[in-house]
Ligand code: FER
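Below you will find one chain, with nothing else, as structure tokens; this is the form predicted on its own, and questions on how it binds or moves follow later.
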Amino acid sequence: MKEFYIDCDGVKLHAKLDMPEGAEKCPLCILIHGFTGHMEEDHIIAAQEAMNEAGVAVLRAEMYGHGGSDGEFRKHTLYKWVTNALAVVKYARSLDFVTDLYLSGHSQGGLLTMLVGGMCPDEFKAILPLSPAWMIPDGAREGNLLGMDFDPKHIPETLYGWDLELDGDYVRVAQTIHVEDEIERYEGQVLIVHGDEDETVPFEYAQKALKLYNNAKLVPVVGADHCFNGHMEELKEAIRQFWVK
């Protein structure tokens, strides 16, 4: 494992690169955590291990305001995360061992995967959204987001919920995003893994995404919650099998 930072316009993004055993040339998957998350969460480690076991290198990266990266959590927005992800993609393209590039993320990182996949449809052989929270922009427009209620036309400067504070700009940015546009732009393979008892991002969003993508597969993890607690082996198997032809 190699630990380092990736520069994004002066913002340091904490990253770790995990190589499969014995690999010299191999595919690489960028792997991104979710809202309030970080790269050492159990489900992120499970995904990384499954990819390494399948012969895929993994570049875990922490986005603005999360983990060991620069920035204050309350000031992060999806625009900042998109800019961060593009910097990570550019870094990944510079690695001479990479044969094919993949992108994966959990929850808000899954939403980010859907957005960046559509923005860079020629970069990724496949994308793997895990429990993707792509209801966030709709919730921002409707005034109910992450358990926080607000007037969507008069957004407060600070929102309070989940025992945390979030700047109103998070909502302002999210309101402008229409994930369906980026879904339509991405024509490569898509693997969606989602727990069917997820109370944070209802399973129906995975089913809706499955119908909208041109070339998608949905693997339900029966009985699993948003972070696949108690179901890590099923998560790992779903990811491993994606590379086993």
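We number the residues from 1 along the sequence you see. Note that this is a predicted model, so its numbers are computed, not measured.
Note that the form predicted together with the named molecule isn't included here; everything after this is about it.
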- Residue (of Ala92, Val173, Cys120, Met135) lying close to the named molecule in the model of the complex, criterion heavy atoms within 4.5 Å: Met135
- Considering only heavy atoms, tell me if Phe35 and the named molecule come within 4.5 Å of each other in the model of the complex. yes
- Query: Using 4.5 Å between non-hydrogen atoms, is Leu166 touching the named molecule in the model of the complex?
  - Reply: yes
- Though only this chain appears here, would Val88 touch the named molecule in the model of the complex if you measure heavy atom gaps against 4.5 Å? no
- Message: Leu145 versus the named molecule, in the model of the complex: is there a non-hydrogen atom within 4.5 Å?
- Response: yes
- Contact segment among 204-212, 184-192, 27-35, 54-62, judged by heavy atoms lying within 4.5 Å of the named molecule in the model of the complex: 27-35
- Note on the structure: Of the residues spanning 176-202, the ones with some heavy atom within 4.5 Å of the named molecule in the model of the complex are Thr200
